[in-house]
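There is one chain below, alone, in structure tokens, taken in the form predicted on its own.
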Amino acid sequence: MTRVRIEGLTKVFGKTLAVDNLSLEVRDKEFVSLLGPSGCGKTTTLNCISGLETPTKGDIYFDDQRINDMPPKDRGIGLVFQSYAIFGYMTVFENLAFGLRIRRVPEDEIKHEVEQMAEFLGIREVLQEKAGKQSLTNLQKTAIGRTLLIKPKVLLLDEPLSNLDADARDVMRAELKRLQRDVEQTTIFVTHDQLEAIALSDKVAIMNLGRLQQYDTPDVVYNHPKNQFVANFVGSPSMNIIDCSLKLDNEQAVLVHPSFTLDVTNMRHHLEKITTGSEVVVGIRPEYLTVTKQPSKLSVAATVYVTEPLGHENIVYLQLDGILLRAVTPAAVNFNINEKVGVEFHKDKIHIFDRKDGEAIV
């Protein structure tokens, strides 16, 4: 297998800076997602790796070999697009065998390889059926199987789950994770869906406006975002964001909002580099807010705006002095619109960002 290293990758289209000085490394057999909103540069990065685009600056290496000037056909990559690019008039077998036949692999070997792959993917029973009559899930399995059969050094996936409905996406997300683990294939996966990236990846590279925002494991990205963009982009429902000012007094550290104060003295050693009165942004995920029927000295008074029942839990929207907070609550506890409630913050789960540049302080 292969290690992929990107050093200072920059890609410019006319006056548009699509990728801005991107550097990261994908280790051998690792599954890495490029995650971000539309236009962030993730597909352009994938195209530079595949050879479909030429970098304006920077270098791309497979192991220790620089591949910038290498034709796509010589890079040993397998590319699966969102549209699958399956030949509908061919059978599933013929689609799977397509790449092997181009490489002039003997027919008996093709039959053996294709049947093994079809068994592995769970599509052996449809091998002789026309691909055009298959479900989207089977089409995706066929596209991935056809690519894996040519034994690529690196598997590149460009939003391959986007065309599937919700149930099929859930199934294929699990299938894709199992597949990658079983074949131990170095994989780079482009997606705008943070749930896919978190569920599938060994590491996630979060991009915005062409720049890398954070590159780390899903756990670190979720629990320790480097900046406010990452905090907002990763997580559903998204993180609550509250503008506050910091007050340092003797041994205390307090976050001040027009409707409440929050003692964060436990974080004081992180905050001492900031001057008192500094404007900061407080972030806390909805699952780390506790909503109580009766406000207490430990809670902040709020009003229920609306509740979204999700079966196993509820998302409660809370009005608090002009801002709207989201909290995840147990399904067994019901709240009514306009009900007065108390909100308690899990202080050990609070994130604090600099309001000027959005970078994480705590």
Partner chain sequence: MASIRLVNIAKRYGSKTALDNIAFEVRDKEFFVIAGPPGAGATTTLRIIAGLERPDAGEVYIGDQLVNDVEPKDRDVSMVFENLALYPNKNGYDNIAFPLRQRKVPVEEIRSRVIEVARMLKIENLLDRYPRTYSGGELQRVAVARAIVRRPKVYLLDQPLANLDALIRANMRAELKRLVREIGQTIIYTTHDQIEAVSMGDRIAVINAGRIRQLDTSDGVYGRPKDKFVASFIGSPRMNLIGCTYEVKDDRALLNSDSFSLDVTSLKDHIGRNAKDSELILGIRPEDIRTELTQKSMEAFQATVYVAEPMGSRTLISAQLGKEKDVIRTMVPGGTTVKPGDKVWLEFDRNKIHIFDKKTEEAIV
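None of these values were measured; they are calculated from a predicted model. Positions refer to the first chain, counted from 1.
Missing here is the form predicted together with its partner chain; even so, the following discussion is about that form.
Q) Just to confirm, Asp167 within 4.5 Å of its partner chain in the model of the complex by heavy atoms? A) Result yes; Asp167 sits at the interface with its partner chain in the model of the complex.
Practice task
Indicate whether its partner chain has at least one heavy atom within 4.5 Å of a heavy atom of Thr16 in the model of the complex.
Solution key: The answer is no: Thr16 has no heavy atom within 4.5 Å of its partner chain.
Requested in this report: Could you confirm whether Arg178 comes within 4.5 Å of its partner chain in the model of the complex, counting heavy atoms only?
Outcome: Yes, Arg178 is a contact residue.
TODO: Would you please decide whether Arg66 lies within 4.5 angstroms of its partner chain in the model of the complex, comparing each non-hydrogen atom pair?
DONE: No.
>> Taking a heavy atom within 4.5 Å as contact, would all three of Arg173, Tyr305 and Leu310 count as contacting its partner chain in the model of the complex?
In response: Yes: Arg173, Tyr305 and Leu310 each sit within 4.5 Å of its partner chain in the model of the complex.
Exercise for review: Counting non-hydrogen atoms within 4.5 angstroms of its partner chain in the model of the complex, say which of Ala199, Leu136, Ile241, Val220 makes the cut.
Suggested key: Comparing distances to its partner chain in the model of the complex, the residue within 4.5 Å is Ala199.
Item to complete: Taking 4.5 Å between heavy atoms as the contact cutoff, choose which of Leu52, Val333, Ile315, Ile323 touches its partner chain in the model of the complex.
Response: None of the others qualify; the residue that does is Ile315.
Handout entry: Which of 18 to 26, 337 to 345, 350 to 358, 5 to 13 sits within 4.5 Å of its partner chain in the model of the complex, heavy atom basis
Key = Of the options, only 337 to 345 has residues within 4.5 Å of the partner.
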